[in-house]
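The chain below stands alone and is given as structure tokens, in the form predicted on its own.
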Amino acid sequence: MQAATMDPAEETPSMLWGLDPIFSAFARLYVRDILQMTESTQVPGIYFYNSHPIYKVDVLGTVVYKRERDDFFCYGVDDGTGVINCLCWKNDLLKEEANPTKSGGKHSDGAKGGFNPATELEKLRQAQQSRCHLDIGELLRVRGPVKTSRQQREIMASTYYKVNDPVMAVQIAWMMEVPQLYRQCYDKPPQLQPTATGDSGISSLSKATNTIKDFFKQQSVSRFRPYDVQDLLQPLISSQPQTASANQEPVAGPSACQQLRQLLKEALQILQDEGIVYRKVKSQDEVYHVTAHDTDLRIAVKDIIREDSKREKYAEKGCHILHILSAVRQRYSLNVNKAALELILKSLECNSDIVSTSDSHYTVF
């Protein structure tokens, strides 16, 4: 693989990398994207995905090839998008396995049923061996920094272990979580450049969402359109700065009206992701419903729980939240997300309209 490097003109200064929370986390990227990331020209070993600086990753996949040396295992991990080489170093217990005389030929004598340190150490060594010795076809989770060696991208594992997943629960949970991380984090450009006032774009967006939330509390509105709340965000849009001198040319940029519309769009998207608002019907007429004040949605959820709790399947534990969500989308609106449903369920439970019987299960009194 030919290692690609970032264009120095487009690369973010290294002193700003710490402002991106992804930089200090193990990024759960697809293997395909790890292999295609561009390398920094400022600091070798740092890579960029969608302008996010990344140097350590978290991968779950199937072992498709293996190689063992005295000091390390080398596993090829396939997550369905590509195969990457993972260098997994052996710890002291695994190294001693090759030389059993180190631990002593005889175990110390002890009373029957008593604690024998040598025996317990052997059990520990066997457990460690079963977790670190993987065969082709087994599931491996590996975390560590990304390196490029001999023009080949690989992971230098800091942590790795075999995953026992007989019913594929771990893999299904992984496949559901990673696309959300892409939508919410990796595919969004980082907000690293501070503005002239010292506030970042994230803080302005946070102020905008809090302003709209306060408006909902004060006015108790159940439905609104974007232009109903657009003027509330006007104070957050600063006017374009004046040029320093007559000879300085004005800098091209979005107008105040464009900034306001963009800020409103991003704020409404965050409110939808949090379940604060939702659109019952997606049409050209953008009508948003405030979840906490939507009486129709509350009645629909309560009716679903009351009716389905009578069925034999849900009589004992009640209805699971995912079942309720599916029923709400079928009978009421396809655009209700899990976050909005959780707000409704919490409100109904506070009013003693429903009760949670166990984790994520609900029924009526």
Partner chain sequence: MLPAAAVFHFPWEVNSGAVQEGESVRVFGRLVCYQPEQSRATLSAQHAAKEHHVAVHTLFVEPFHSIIGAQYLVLGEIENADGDGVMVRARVLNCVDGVNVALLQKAITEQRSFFGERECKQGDAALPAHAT
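Positions refer to the first chain, counted from 1. Just so it is clear, the model here is predicted, and its values are computed rather than measured.
Although it is not shown, the form predicted together with its partner chain is what the next lines describe.
Out of 259, 222, 85, 204, which one falls within 4.5 Å of its partner chain in the predicted bound form, going by heavy atoms?
It is 85.
Using heavy atoms only and a 4.5 Å cut-off, determine which of 180, 158, 210, 255 is in contact with its partner chain in the predicted bound form.
Of 180, 158, 210, 255, the residue with a heavy atom within 4.5 Å of its partner chain in the predicted bound form is 180.
Its partner chain in the predicted bound form: contacting segment from 284-292, 226-234, 181-189, 263-271, heavy atom within 4.5 Å
This holds for exactly one stretch, 181-189.
is_contact(residue 145, its partner chain) in the predicted bound form, heavy atom dist at most 4.5 Å
The answer is no: residue 145 has no heavy atom within 4.5 Å of its partner chain.
May I ask you to state whether residue 332 is within 4.5 Å of its partner chain in the predicted bound form, using heavy atom distances?
Contact check for residue 332: no, nothing within 4.5 Å of its partner chain in the predicted bound form.
Answer for residue 64 alone: is it within 4.5 Å of its partner chain in the predicted bound form, judged on heavy atom distances?
Yes, residue 64 lies within 4.5 Å of its partner chain in the predicted bound form.
Just checking whether residue 26 would be counted as a contact of its partner chain in the predicted bound form - the rule being heavy atoms within 4.5 angstroms.
Contact with its partner chain, no.
Would you mind checking 75-90 for residues with a heavy atom within 4.5 Å of its partner chain in the predicted bound form?
Heavy-atom contacts to its partner chain in the predicted bound form: 76, 78, 79, 80, 81, 82, 83, 84, 85.
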